[in-house]
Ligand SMILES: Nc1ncnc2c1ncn2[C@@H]1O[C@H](COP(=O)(O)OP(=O)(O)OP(=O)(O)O)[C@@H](O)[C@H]1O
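For reference, the chain that follows is the form predicted alone, supplied as C-alpha cells.
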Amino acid sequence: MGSVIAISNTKGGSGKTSTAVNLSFAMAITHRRVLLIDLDPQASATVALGFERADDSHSLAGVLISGNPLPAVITRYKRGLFDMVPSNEDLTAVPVALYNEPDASTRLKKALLAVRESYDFVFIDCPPSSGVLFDNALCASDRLIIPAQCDFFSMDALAQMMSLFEKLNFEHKAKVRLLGVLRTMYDPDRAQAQAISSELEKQFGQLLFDTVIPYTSRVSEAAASGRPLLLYDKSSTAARAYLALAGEIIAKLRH
C-alpha cells in the first residue's frame, strides 16, 4: 500500500501548491505511481497543471459529501504520467454539508481505500486554513510535509501547524507523522532567511529536509503555463531541487 502524504501550511504563499505539483511530477518520472489530490477550493494545483476547474460531474465535493466513488473523479495528467483529482469551488460547501456528521473528518480516508493499493504515492494539496477539509487531509494521510519560507511569519505558522496536527493525533482522529519541514523560496542573499534557516535546523534537526527549494521566478512562470517546472525549464535550480527532494523522500521512507 502506498504512502499518503499531506502537503500543508496554514500560511498562504508558503510554496505548498508548487511543492505538491512539482513533487508529484518528480516522483512520476522516477517511475513511481502517483496520485495528486487537489483539496483546495481555490484549485491552484488544478490550474497549475493546465486543467479546467472540475465540473459538477467530476467533483471531489461529491465524493466527500455524497460518498461518490473516488475513481470516478480521477483524471490522467498525460504530460506527467501521473493521476490527478482536480478541484473546484464546490469544496467550499463541504464544511456546511458535513456539519455535525460524526465521520466528517474521515470521508477522504474512506474514499481512498478504493485506490490506495494502485499508487506508490498519494499527495494531497491542502487548503491554506484549518477546518474540515484540512482535517480530512491529515486523517487520510500517513505523513505530513510542511513547506515553509524562511521568514518570521512562516515560523509563527509552523508553530500553528504543529499544534493542529498534534491535536488531531491526540484526539485519535489522525495517525499522521511529520515527514519533514521543507524550506521553500529560499534566498541566500537575505540575512533573515539565513538566520531562520539556522533556527529551523536547531528546532527540527533530522525532520528538516536537507533539500532546499531556492527562490526563482521560473516556478510561478511554470504554473502560469500549466506545466510542472521540470517540463517548463528542467535546467532551473528549483527543478533540480524538486528531483532531489523526491529522492530524499524515497530514502527517508525506506528507513
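So that there is no doubt, residue numbering starts at 1 and follows the sequence shown. Just so it is clear, the model here is predicted, and its values are computed rather than measured.
What follows is about the form predicted in complex with the ligand, which we do not show.
With a 4.5 Å cutoff on heavy atoms, Ser24 does not count as touching the ligand in the model of the complex; it lies far away. Among residues of the shown chain, Gly247 is not one whose heavy atoms approach the ligand to within 4.5 Å in the model of the complex. In the model of the complex, the ligand lies farther than 4.5 Å from every heavy atom of Ser66. Using a 4.5 Å cutoff between non-hydrogen atoms, Ser220 counts as a contact of the ligand in the model of the complex. The stretch in contact with the ligand in the model of the complex, judged by heavy atoms within 4.5 Å, is 37-45, chosen from 193-201, 24-32, 37-45, 66-74. This chain appears without its partner; in the model of the complex, the one residue of Val94, Met185, Ala111, Leu179 with a heavy atom within 4.5 Å of the ligand is Met185. Contacts between stretch 4-23 and the ligand, counted in the model of the complex as any heavy atom lying within 4.5 Å, involve Lys11, Gly12, Gly13, Ser14, Gly15, Lys16, Thr17, Ser18, listed in sequence order.
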